[in-house]
Ligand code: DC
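Just one chain follows, in the form predicted alone, and it is written as structure tokens.
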Amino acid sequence: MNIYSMTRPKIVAVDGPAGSGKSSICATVCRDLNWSYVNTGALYRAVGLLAGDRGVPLTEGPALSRVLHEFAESARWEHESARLFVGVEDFTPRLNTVEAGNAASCVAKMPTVRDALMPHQRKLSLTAPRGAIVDGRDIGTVVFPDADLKIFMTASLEQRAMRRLKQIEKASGPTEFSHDDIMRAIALRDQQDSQRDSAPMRIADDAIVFDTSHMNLEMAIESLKELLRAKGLVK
């Protein structure tokens, strides 16, 4: 029996490594279907950015706990626009910067942070007016183990590095980082995510592997919609 209310929205859990296309694909599919998109990685990035704004070292437990409390009390996710606010500040333009990525790498491996954010992730998803696509690293294995559909989205390391580089340039302008720099950073993040003690990234036993290596954005969007239709989640 489902552990959530029978009236809860349909939940699609999408896990996968950085650069696999999760955010771009899932956000567009949700917009087209009038579903809600919840980017859980954005929450970790925002917590890291907020800690930096408050002058709190990411390894300082008690002070970081205060940051987490502030975030939990004031964070707001706009389902319609997929924008994340902390208080009145829109954190969305900063979420794809190198600074945010580095901060997320530090806080995401901390069990206290993951434990504090899990209820927030669930609440954001379960308050969706229709269905929700929730992406991250441990959605199908930890956050929503009873999701209606679990997907592990991936792509080759070379493709992921290329996409991440474009994402950084769009968020921050020209960068000193090369494709090889980004590829090494992503490979290291993959290793950290899959080997961390708390909620490591892995493919759920009942997940469908969705490889976007040879898909452009439009192809991936249509393929995901078709998968949702095939599973009876949308018409």
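Being a predicted model, the structure only gives us computed values, none of them experimental. One-based numbering along the sequence shown.
Form predicted in complex with the ligand: not shown, discussed below.
The stretch among 113-121, 86-94, 73-81, 152-160 whose residues place heavy atoms within 4.5 Å of the ligand in the predicted bound form is 113-121.
Checking 66, 196, 179, 31 against the ligand in the predicted bound form, a heavy atom within 4.5 Å turns up for just one residue: 196.
Among heavy atoms of residue 141, none comes within 4.5 Å of the ligand in the predicted bound form. In the predicted bound form, the ligand sits beyond 4.5 Å of every heavy atom of residue 132. Shown here without the ligand, the chain has 105, 108, 114 in 105-119 lying with a heavy atom within 4.5 Å of that partner in the predicted bound form.
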